[in-house]
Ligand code: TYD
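First comes one chain, alone, set out as C-alpha cells in the form predicted alone.
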C-alpha cells in the first residue's frame, strides 16, 4: 500500500459557488464516526506527533494550507494539503505531523472511530517498536 493515498472530491456547483459532499464509504473510504477541525494555529506551532493503532482518517484543508509528514516506520514523505477538493488518507499505524499552517488554514479531519485515547501512540520510539523497525 502506498504511504500517500489521495482522495479527490468532486466539486459541484454553478455560478453561485461550489459545494463538496463528503460521504462515508463513498468519497471517504470508511464509515465516518467523528469529524473535527483545526483552525487558528499559531505561527511556528506544529500539531499531530502521533499515530493510531486502528483509527483511519482523511484530512483536507477546506481553506488555506499546511504541510503533513507521513511516516509508516519504513518510509517518510511530506505532502501539502492546499485544496478543498483533495484529501489525504492517514491510515492506521502511520505517524503524522502537521507543519507550516497558513494563517487562514482550516484542516478538516474525518475519522473512522470515536475518540479513544488508548488508540493513540504518542511517542515516536514507541511507534517504531510497534511497527517492528
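Residue numbers count along the first chain shown, from 1. Just so we're clear, the structure is a prediction, and the values are computed from it rather than from any experiment.
Beyond the structure shown, there is the form predicted together with this ligand, which is absent from this document and is the topic of what follows.
When this ligand is considered in the model of the complex, residue 9 lies well away from it, no heavy atom lying within 4.5 Å. Among heavy atoms of residue 120, some come within 4.5 Å of this ligand in the model of the complex. Proximity of residue 69 to this ligand in the model of the complex: non-hydrogen atoms within 4.5 Å are absent; the residue sits far from the partner. Contact annotation: residue 64 falls outside 4.5 Å of this ligand in the model of the complex, judged by heavy atom distances. Only one of 32, 85, 38, 93 comes within 4.5 Å of this ligand in the model of the complex through a heavy atom, and that residue is 38. Interface residue among 98, 58, 105, 81 relative to this ligand in the model of the complex, by the heavy atom within 4.5 Å criterion: 98.
Here the chain stands alone, but in the model of the complex its contact with this ligand, taken as any heavy atom within 4.5 Å, falls in 45-53 among 72-80, 23-31, 45-53, 85-93. If you take 71-93 and check each residue for a heavy atom within 4.5 Å of this ligand in the model of the complex, you get nothing at all.
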